[in-house]
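Quick setup: one chain, the form predicted on its own, written in structure tokens, and binding and motion questions come after.
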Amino acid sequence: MAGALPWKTAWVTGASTGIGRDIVLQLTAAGVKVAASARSPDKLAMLGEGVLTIPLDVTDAAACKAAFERIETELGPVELVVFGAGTYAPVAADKIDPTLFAHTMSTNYMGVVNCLAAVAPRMTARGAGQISWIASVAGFMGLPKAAAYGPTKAALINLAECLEPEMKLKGITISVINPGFVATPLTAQNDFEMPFLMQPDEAARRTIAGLAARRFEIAYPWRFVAILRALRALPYPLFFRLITRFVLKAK
């Protein structure tokens, strides 16, 4: 991958584990100057030398702005951002905890908005840059146990659709990343079979390839994406019947 990527500098949030961590490692290996953010300084330190590590809670808008200002001071103009900070907890239908829902929305959705607010003014002033964030195929449709998580990812997909036309006119590329199941500490909470489960390094490779091609949507693995899109196209009675049978394992 060395020499093949179109960016000199990048900022990745959610960089301590999962897809975000492997994106940092692969970009760095390719010669990109990378700033990595996450809440855990200890885990960030494990990314090794050559990475500018900035601990950050993305729910703090002022901290997001300060982090981006520091990155541009130390690394120069940032050409690519990948907002990957997120959280997930399965939800039972009879155990709705408003605090959990608020925390998930604050981290997954508003965390992106906070970082976007820091990045967009400088990139649009330069008329160049690529802004991306990690949503999920869980944003395609409502799924059991994802009542707190899924709506945040649907919101991120919608946000990308809202911003892409105007940002393109300003010279900015918007990309939304929709992975299927990836083996991370978050998905390890699931007590059900996860079809087409991918490893984080492969997910990162596909993400970077899609970003380099400047695709609006980067969704993988393709077979799982195709199945979910087909399900979404069904009439609701049939859709719910299949979801109940194959996800909840009930007749």
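Residue numbers run from 1 along the displayed sequence. Because the structure is predicted, anything quoted here is derived from the model rather than measured.
There is another form of this protein, the form predicted together with a small molecule, and it is not shown here; the text below is about that form.
Among 148, 118, 85, 78, which has any heavy atom within 4.5 Å of the small molecule in the predicted bound form? The option sitting close enough to the partner is 85.
For the chain shown here without its partner, which stretch in 69 to 77, 123 to 131, 165 to 173, 149 to 157 has non-hydrogen atoms within 4.5 angstroms of the small molecule in the predicted bound form? After filtering at 4.5 Å, what remains is 149 to 157.
Residue 205 versus the small molecule, in the predicted bound form: is there a non-hydrogen atom within 4.5 Å? Residue 205 lies outside the contact set for the small molecule.
Contact flag, residue 19 vs the small molecule in the predicted bound form, heavy atom cut 4.5 Å: Judged by the heavy-atom cut-off of 4.5 Å, residue 19 is in contact with the small molecule in the predicted bound form.
Answer for residue 101 alone: is it within 4.5 Å of the small molecule in the predicted bound form, judged on heavy atom distances? So residue 101 does not count as contacting the small molecule.
Is there a non-hydrogen atom of residue 59 within 4.5 angstroms of a non-hydrogen atom of the small molecule in the predicted bound form? Yes.
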